[in-house]
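Take a look at this one chain, the form predicted on its own, written out in structure tokens.
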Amino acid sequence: MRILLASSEVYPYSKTGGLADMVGALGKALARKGHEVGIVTPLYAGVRKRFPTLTPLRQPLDLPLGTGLATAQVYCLRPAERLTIYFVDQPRFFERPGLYQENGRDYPDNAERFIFFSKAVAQLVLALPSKLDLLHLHDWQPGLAAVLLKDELKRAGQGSGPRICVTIHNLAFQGVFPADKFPLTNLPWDFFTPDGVEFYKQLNCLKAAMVYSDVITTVEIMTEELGCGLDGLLRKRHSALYGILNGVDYEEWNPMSDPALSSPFSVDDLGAKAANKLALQEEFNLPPRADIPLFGNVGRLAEQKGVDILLRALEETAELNFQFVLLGSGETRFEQAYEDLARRFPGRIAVKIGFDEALSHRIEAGSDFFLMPSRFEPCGLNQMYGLRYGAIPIVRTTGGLDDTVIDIKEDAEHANGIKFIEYSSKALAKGIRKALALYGEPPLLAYYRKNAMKADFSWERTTTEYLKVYQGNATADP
């Protein structure tokens, strides 16, 4: 198959979270299976410097944007056989310090930026020399490409075009903008209806993808509570809806060969994990002690990730003997609250605000336990990374967290983590106390770790599921 993935971030070129990891890994996995794969993404600041071998496509894309016109030069990179990365270069929109926001605030022209990106995706599909079989959109940012491409093909009399799939990674973010942004699409107003892209009198980019794609993939969103206003549309399109759990790129996340680690280790040689713990404690200016359990957290500081109950749980367990490290960024109120917590408990709690890919690997490798108390988590990757690196996950029973972590009450033979149900600091604090009890039983802790590191979330299974969806051979979720 000839497949084009479209995403606003792709690792290792750009990243704010698991979306980048997933798209980068899926592209590589599909190419390894013999498919011709392209990934289209914006050319953000710094990419050209880090990857100087970019080569331009011959013909730039001149795209209408409302009453104006914007030009995109497309650059190519071929990191592997049968895999091409297409970078959409438009400095006015993408040469910025952040991908979506700066100083905790969304860019005010995000509508223009990603309507433009969606147009570039649709035009690239038409400009490629060989006919595309499948266009795979990821989240809201390229979502309008589904309707833009179908409208373009219809007006040009070019037939149905490629099959279109959209994957919803986070339904809480939908790309909703005022109705006065709709003219930027240059689409007829016939599309701005409740059956089209209109959502409570506003433009909804994710809804556009859901309505005009042939298939939808995601998990844990059919309920009204988690549907974020689109649960009705998801039920309406249930025959085209598939749930596929993400995989882990074990080339990037391998404790035996990870260049970010000071000491490689494996499930058969766990001794060096202790060395990574001591190194992590020193990196965060914590007392380097092997006898104190170390908890870690990496992620976006937003309520979805449970950072509010984590903050309170850390205060409620302040009298207990453990250390905690956090790497993340997000809402200013949470950044300040965690920095304040670290100041109040020096030597026990350490925080780094920002993003550091290598450090995230070291936190997974050096932590004894990985805290992930999300309010909702359609899939999640950090708990899978924790499993691979022997950091026992402490998770809430929601979405992918519930699917990937096994509590001893569920299956004592394969237990690899700790779960709690109620979304509260009290329930999370109880989970922390269970972890401390587990740490006090070294043979049982080693048993958990071995189960965790043997868990297999490789892309082989996940890629097979996506190919079934691409080819129309999958069975929709009930």
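Predicted, not measured: the structure shown is a model, and the values here were computed from it. Residue numbers run from 1 along the displayed sequence.
Not on display, but discussed next: the form predicted together with ligand ADP.
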item: Position in contact with ligand ADP when the complex is considered in the model of the complex, options Arg348, Arg289, Arg312, Arg300, heavy atoms within 4.5 Å; value: Arg300
item: The single option of Leu132, Leu381, Val211, Leu261 touching ligand ADP in the model of the complex, heavy atom within 4.5 Å; value: Leu381
item: Contact test in the model of the complex: Thr185 vs ligand ADP, heavy atoms, 4.5 Å; value: no
item: Interface membership of Ser360, ligand ADP in the model of the complex, 4.5 Å heavy atom rule; value: yes
item: Non-hydrogen atom contact Leu327 with ligand ADP in the model of the complex at 4.5 angstroms; value: yes
item: Distance check, Val469 to ligand ADP in the model of the complex, heavy atom within 4.5 Å; value: no
item: Which of 201-209, 103-111, 265-273, 382-390 lines the interface with ligand ADP in the model of the complex (heavy atom within 4.5 Å); value: 382-390
item: Contact at Thr16, Asp21 and Lys305 by ligand ADP in the model of the complex, all three, heavy atom at most 4.5 Å; value: yes
item: In the model of the complex: members of 352-378 within 4.5 Å of ligand ADP, any heavy atom; value: Gly354, Phe355, Asp356, Glu357, Ser360, Met372, Glu377
